[in-house]
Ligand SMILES: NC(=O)c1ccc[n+]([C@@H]2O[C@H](COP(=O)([O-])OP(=O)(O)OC[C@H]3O[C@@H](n4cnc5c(N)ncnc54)[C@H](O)[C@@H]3O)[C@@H](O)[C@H]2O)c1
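The chain below stands alone and is given as structure tokens, in the form predicted on its own.
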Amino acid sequence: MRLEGISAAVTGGASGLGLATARKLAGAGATVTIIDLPASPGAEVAAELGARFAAADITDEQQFAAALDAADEAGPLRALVHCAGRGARIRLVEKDGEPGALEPFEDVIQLNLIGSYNALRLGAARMAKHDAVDDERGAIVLTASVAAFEGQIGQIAYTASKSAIVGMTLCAARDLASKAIRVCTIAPGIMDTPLLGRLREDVRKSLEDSVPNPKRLGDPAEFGALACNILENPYLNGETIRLDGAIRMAPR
């Protein structure tokens, strides 16, 4: 897929991995629509990048559909990079012996997993309406995590949701093959997002030392570059790609 001139949507595009991806896509000449929560700095970020902003909660079908319609109105939607998501620390049995809370587990599953399912079905439905260009109608890139493979203590909800996204990837690619729509997933390791920017320097150094090579946190721009490479390469399909400096997470 040639990125110049296409319409592309990025969820969670107001910060972190999504912002880095939106910046890469805009730099490649795509017409970018940033989809993020109304309270996010999405409008300001979009103005800075020369992009569009569509406010939406990705777990709300009507809001998400309207945001994708806005991206589709900018030109036939060809690319969707789905970065929105979050984690929560949950123990199965708390220190007082009580069972772990159910509500935060449900919240993470709703946002990360149901949100990804919405991205697949709602995004693909719009792409499928358009004529194919160079034998494809579009591509969707989902975001998992190395926690999908090596979930740490306390990551039970996050790991469950990200493992499910990995599991959906090949199934979705096979399902959408008849529509000439590709699906891939990126599983990032420890990325230098604003969340990690709040860590103490010694904690940050410890995280950097845990990465085999290169010994540093991942740059969100590297995630954005990989997302663009996936979109551009028509033979990449049904694959989950780890972007992690060869890290394998310890139990805690």
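Source: prediction; values computed, not measured. One-based numbering along the sequence shown.
What follows is about the form predicted together with the ligand, which we do not show.
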Of the listed stretches (208-216, 184-192, 43-51, 24-32), which one has a non-hydrogen atom within 4.5 Å of the ligand in the predicted bound form? 184-192
So the ligand isn't shown here. In the predicted bound form, which residue out of Ala157, Ala119, Cys83, Leu77 has a non-hydrogen atom within 4.5 Å of it? Cys83
Would Leu199 count as touching the ligand in the predicted bound form under a 4.5 Å heavy atom rule? no
Look up in the predicted bound form whether Ala67 has a non-hydrogen atom within 4.5 angstroms of the ligand, and give yes or no. no
Classify Leu111 as contacting or not contacting the ligand in the predicted bound form by the rule of any non-hydrogen atom within 4.5 angstroms, answering yes or no. yes
4.5 angstroms heavy atom contact with the ligand in the predicted bound form for Ser15: yes
Using a 4.5 Å cut-off on heavy atoms, which residues of 43-71 contact the ligand in the predicted bound form? Ala56, Asp57, Ile58, Thr59
